[in-house]
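Taken one at a time, structure 1 and structure 2 that follow are two forms of one protein chain, written as structure tokens.
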Structure 1
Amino acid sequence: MKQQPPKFLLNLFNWFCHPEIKRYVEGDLIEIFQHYVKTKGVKVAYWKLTIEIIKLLRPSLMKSLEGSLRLNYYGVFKNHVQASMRNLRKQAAFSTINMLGLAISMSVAILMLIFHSELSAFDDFHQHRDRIFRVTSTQVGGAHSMEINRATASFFIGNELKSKVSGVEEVAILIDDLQADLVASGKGISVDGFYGTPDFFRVFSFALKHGNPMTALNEPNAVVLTEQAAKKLFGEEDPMGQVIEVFKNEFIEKAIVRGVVEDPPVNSHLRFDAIFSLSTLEEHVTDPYVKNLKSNPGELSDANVYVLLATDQPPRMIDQIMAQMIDGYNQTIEHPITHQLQPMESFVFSDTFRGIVGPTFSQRRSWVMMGLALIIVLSACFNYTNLSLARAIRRTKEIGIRKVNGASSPQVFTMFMTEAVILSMFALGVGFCLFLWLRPEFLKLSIDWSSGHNMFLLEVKNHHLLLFLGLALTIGFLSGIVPAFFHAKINAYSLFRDASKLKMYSGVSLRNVLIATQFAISIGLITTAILIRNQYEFVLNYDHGYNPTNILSVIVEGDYIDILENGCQQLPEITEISKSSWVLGVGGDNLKISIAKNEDLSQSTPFLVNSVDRNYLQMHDITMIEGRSFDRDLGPNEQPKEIIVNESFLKKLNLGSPQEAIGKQIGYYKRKLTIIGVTEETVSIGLTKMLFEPFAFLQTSDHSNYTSLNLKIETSDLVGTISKIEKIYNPLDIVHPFNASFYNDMIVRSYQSRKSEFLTISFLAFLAVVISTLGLLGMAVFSAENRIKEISIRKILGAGSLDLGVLLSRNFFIMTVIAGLIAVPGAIYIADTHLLVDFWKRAPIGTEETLIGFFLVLIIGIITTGRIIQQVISKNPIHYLRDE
């Protein structure tokens, strides 16, 4: 018995080889195989045969796609593609309208696909992403006894997990909110970062460029810099082992560089410039903050505890273990603490947690965005269906001939599906270009949504292309299925008998509902956009109770504010100078919150406090409802005795009317302060209810409280003046670059996220309007073509153009009015309860704002349908009736 070649290789060969030569070549292959078995052995023969078969894979020897016996549909398919292309070309206007609608919706869908895939791939550069968890804490607390979820946990639980639980491989504890100024070799930078335990580099996959990841964070006062930070501080020099001076940090004075880590990527929830070793803090065990942090299981606000679980360790089991660990402590406190493990892939959506490090994105917002994208996509699909059904009458003859010639229903069906898919492929191309054009704008907007962090790249990766293809197929399928069914179903005979008697489809009322929905969405989005814009303008022009014109605020981070003030006083252009701890109406990083009590200490309220000097209130023209402003500055080490509060401060502490409140005393840090003035409510951090409404001005003798030097400038040469101030500033601070901006600009900037919201909704409104206009066009064409005979007869019987116009557009008017009746109140309600809910002074809503959206859609509709109607009316009726 001769050695037979492996069956599967021959089967493979038989599968692709051209049937004409299959038998002979197979024989050749067997012979060659046996020849090699004889001369070179079985192994070589196998190998040679495989190579030969692979080399046989060439077009001239493969069976043709059509099949030699034409048993598959390749040929039919080819014909469909050809017919579709011809049809699309022939109805250029119609195809362009359809394609544009699909392309617009597709660009939005592409954007959302990439957006979502980046969200779900957040933090995925960590090797052990599926095994990294964060310990979160839940405890009832706060003023309203609400359940508070924190992304942080206690040092205690971290240590317990590390030492006592076998399923936990590593525990990394990070103490966040570390800010410091680093100075080395005459250069300085300001860094954000945290203290980290040595496990940091074992849990997370941040690669070290220099240094040993196992030991870098072991010793006290060790620091690991990011590449960027290292470059800024040391340039091309080798940073390893260098000693850095640390300022503005209570625990570190000098640090040694023990490593350089790559910059955290855009999709990292951990953002840092430097990591200090946590053992640095341990040198300060006597410090009450550190002591409390390290020993108190109830101290939940500073430690981020990350665990790396063993491969087969279920996280729910650790939750139970943690419950036992904290149980002893829970017995001693009023509100028990529960700890839970949060998986890494949900870090990005934990925007409702307190103590979050790095960027987060609201899950709800992402759903809303997906939902809007879906609406737009479906709307465009519906348009396609609508338009191609409207065109159906024109194509009945073509279909009839196809059917008479033997095309089966499935074949007609496939033909229409092919057409839809081809069109949607074109739309994919155009939509992709649109997406590329939209991308930079969208990236700019997204920064406002993720609390100022840049967390998206919107890069197109290879696997996305497959997704897009799938998207185009789905959209083509969705939009083509109804016309395809319709054409496949109809009887060839009825096609020729009387095309106009065809019952197009029974769901006319459904269609009206869908079109009305499209209108409603358009009107609603336009109205919402207008309301937001209205509010934005209103806020910018609102009289905040002070006059911010020509005031430049210089941010001061250091103890040189008095020197800078003296320097600025020398400049003749500067007419007034004042100091404050933060910028009124804007806030910023230095917002300070304190607790005040009423005189008998029965009630207390948190409030925002701004430490200012004597000039501040005069300089800003702050309107006082009652009382006076500070009349002198405090001497060194003198405690403040007077306070100026706003109206809601009075309400919170039940201090009566502004007149009654003057002279009353309040408790503040075990001292008594006398209220000497009352300001309007809005004199705070602006019109957004971000934090607390109660607010007060206070004096201070400690000038390090001041971080903003406010200069009133009167000059025609602003640029020159600012550069003069910069010259005074630069030698005083080598760490922080000169940071000064005009008050008005800062206010505009603080409402930036509102502007981006307005822009997004306007853009969506624009898309919705475009798409529904296209849909309307389809409907107008459809109803005009369907009723052409009726119109012709009416015309002959003497109907005027106006009557016909009214007849044809009545439907449209009714639908727009219904849509408007639903959409306008809906938009106002949504703006009221969701979008603008955090403004405490609302712009008045006039009829103008509410009706613009409605009329806009109405006018666009009239223009669109008007043209079609005019075309129909102006035609000679004989032309349509002569065959009757």
Structure 2
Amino acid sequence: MKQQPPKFLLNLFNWFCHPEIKRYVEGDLIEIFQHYVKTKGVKVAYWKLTIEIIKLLRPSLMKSLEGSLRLNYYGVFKNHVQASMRNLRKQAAFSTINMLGLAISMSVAILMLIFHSELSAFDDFHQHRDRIFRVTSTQVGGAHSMEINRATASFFIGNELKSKVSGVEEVAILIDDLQADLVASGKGISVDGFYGTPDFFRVFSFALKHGNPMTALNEPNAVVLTEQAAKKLFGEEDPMGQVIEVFKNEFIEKAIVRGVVEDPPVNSHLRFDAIFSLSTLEEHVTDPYVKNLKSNPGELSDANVYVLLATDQPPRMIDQIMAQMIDGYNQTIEHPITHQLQPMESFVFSDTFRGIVGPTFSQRRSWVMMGLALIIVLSACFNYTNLSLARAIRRTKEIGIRKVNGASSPQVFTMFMTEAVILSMFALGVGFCLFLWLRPEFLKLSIDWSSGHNMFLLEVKNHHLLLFLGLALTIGFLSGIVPAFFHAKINAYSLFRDASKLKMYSGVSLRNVLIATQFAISIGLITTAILIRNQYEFVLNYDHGYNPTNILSVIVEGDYIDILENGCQQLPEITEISKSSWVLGVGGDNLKISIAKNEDLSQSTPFLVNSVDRNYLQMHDITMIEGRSFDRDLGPNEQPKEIIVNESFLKKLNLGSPQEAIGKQIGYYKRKLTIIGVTEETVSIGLTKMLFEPFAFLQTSDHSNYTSLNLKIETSDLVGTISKIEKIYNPLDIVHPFNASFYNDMIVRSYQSRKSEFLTISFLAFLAVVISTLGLLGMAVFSAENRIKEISIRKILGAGSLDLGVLLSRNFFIMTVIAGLIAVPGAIYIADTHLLVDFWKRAPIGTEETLIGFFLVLIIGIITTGRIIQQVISKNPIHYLRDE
């Protein structure tokens, strides 16, 4: 049976289409719908049919309305459109001001609509997206006994769900800690990916270009490459069955290509170059680590467990079953574990989870952005409402004549609403052009927000056109409803008796409220942007506890760091060299967290540890409070016996003062380490990422732990020196491109998302100021024109220019002060409690930062109104009063 089009769409078509052509066109529409059902699916067919019906809304295809009641409606509507167009042309200046304000706000609204549309469509290419869930884990832990949410679960719970729960159709387990260098056909590439179970392609809908999805990951040492990875390795050669040599991976030496999969799309939370079969890892089950990983319900940090539920299986029931599965284990530990199923549509908002894979986006940030866009839209609507109310008196005679000729209040209401909607439609066209201009810049910022992932395209799709149309209608409605109500309720008698006595609203003037609100929005956004900028500058200039000047970090991904060090020592521009496992102040992939215990093992604390050589502390000018630095390098296979810690480390283990701690021993991996030095507090991994305050430096004899070769450079030719280092590096690593950055640049990049946040809010503040300035300009022109006779009389009676200037600008000044009193405290509160809440060191807030926004809006207002006032005051009063 063929799929039939939705009845409401056909009814809509039958309602407006001319009877003589209806049956022919309706047949074509049904054929088009069924063609798209067959080729693209039902969802696409719905949208295509909707668009085709909208395209038929043309006068030549519509019913004739002559001689019917509907003709009256059509005629009235046509009259409203003509009157609106005439009035918009007649009031060209005000219309332009209103349209520009609405267009600016619509460009932001369009941007946010597409942005959130793509966020909500993340992972929507999976056929069973509504039935795919991830098993998450919650447990109390960390430095402050906080509740920790992980996107990972235990291997144990995944196997239990697969083997014992009937409502779970498939279970895919991914181990995401896979980085390797692949070499084949004389070419090498570095890949990131997963170890995956054979169910991977039964849970997810990644399309295999070559290979069998049912068996591709069954065998040990099987690998599925993405199209891009396969092309880099094999070119045009068939990759299937080819043997690949694997380096930098302790479990695999060779792998066989069993499949080629399409590259993951940009809206996929799983990003990978290769997937190795999990059975490859299981071959090493004798390894204690792997054995513990598979059987221990408390091993939560490595396995990503995805389940595909049966159609009628409630997720909550699975949560209860998982609680029963680990109940026995929970009774043996201090902090019980709980597992929950997380639906796939929320994966993209999992930025607060630990162990997350792929790109995420902060839901808090998305709501803040939507809120700011809404503020901009409302500001533009206020502009329109304000100017329309101000012009009301000028249109009283027109309204009066219409009412005397029989126009009802609903018809007057409809006329003004039509005018607002038409203007909104014009603004939509201009706003869309502005969106196209903004789009590339916003895409750059979004990469910073999503930790370097490219997860947005901001493409305009067919269904977005309906959203844009709805947006224009909504903004037109919001803008025009107050002026429409005002004009509709005016009594015709009062219009002709004395229109100047019309009162818009009793009590506080609505126009004053709208003006103050616009100014408050502008001042608030400017103040917020300044506070974020102030914090950004603060963290860049913060004393990190070491000197990063002129230190170049070369990232090393192999066992050649000593050879590279020897080569660099030959360069006279390099004055000092050291090695470390990660970059201080930034962190990195090799960040290590360990557990330390005091000497009698009665207390323990997690701490960050950086493996360094004996030159490290001296080269970075790290201040020692007490004790000494490392005085020699460890020999081959020699275990470290000394450790250097910070003051927080001492406090956590109650080791006393720095002087008292020197010489004491701590427990570390069943060994004893002697504290030989205590350093001042240093910023370990940034001012927003404090995982643990205790921090320590430790030596290592395994040089594969070093991933950063740190070079102190003293030269005026930095480019030439870096080029020399690259020439030494390139023959040592044919897989990984040369990757080197100065410490200061890395620190700046680590706060790039904050800079993007500042730029976004600054841009929105700029738009808010532009919109409110446009409104202020319109109000100043209108007020000056309306009060020209009053000003002329005052001038004849002896009023000076200063008195007249104060008279005309007094209201503006009062409104700005009221707006500042509301906006500045509000901006400080929002920045303090929401936008800067994750900084553990805050920049002080001074009077200067809080008042810049207020004075900026005041100055812009004075310049805007001052020019109009000056023009009015300079005119000859006789010219306006000679006919009075």
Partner chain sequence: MGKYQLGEFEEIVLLTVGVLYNEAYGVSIKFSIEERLKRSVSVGALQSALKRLEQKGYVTSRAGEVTNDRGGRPKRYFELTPSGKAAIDYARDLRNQLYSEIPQVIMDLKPNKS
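For clarity, every value in this text was computed on a predicted model and none was experimentally measured. Counting starts at 1 with the first residue of structure 1 and goes up one by one along its sequence. So that the term is clear: the rigid core is the largest set of C-alpha atoms that superpose within 1.5 Å between two forms.
Structures 1 and 2, same chain in two forms; the form predicted in complex with the partner chain is found in structure 1. The two forms, fitted on the rigid core, differ between the two structures by 2 Å or more at the CA of Val612. Relative to the superposed rigid core, Glu236 undergoes a CA displacement smaller than 2 Å between the two structures.
Taking 2 Å as the criterion, Phe204 does not count as shifted between the two structures: its C-alpha moves by less than this amount when the rigid core is aligned. Taking the core as reference, the C-alpha deviation of Glu660 between the two structures is 9.2 Å. Core-superposed comparison between the two structures: His834 shows a Cα shift of 5.2 Å.
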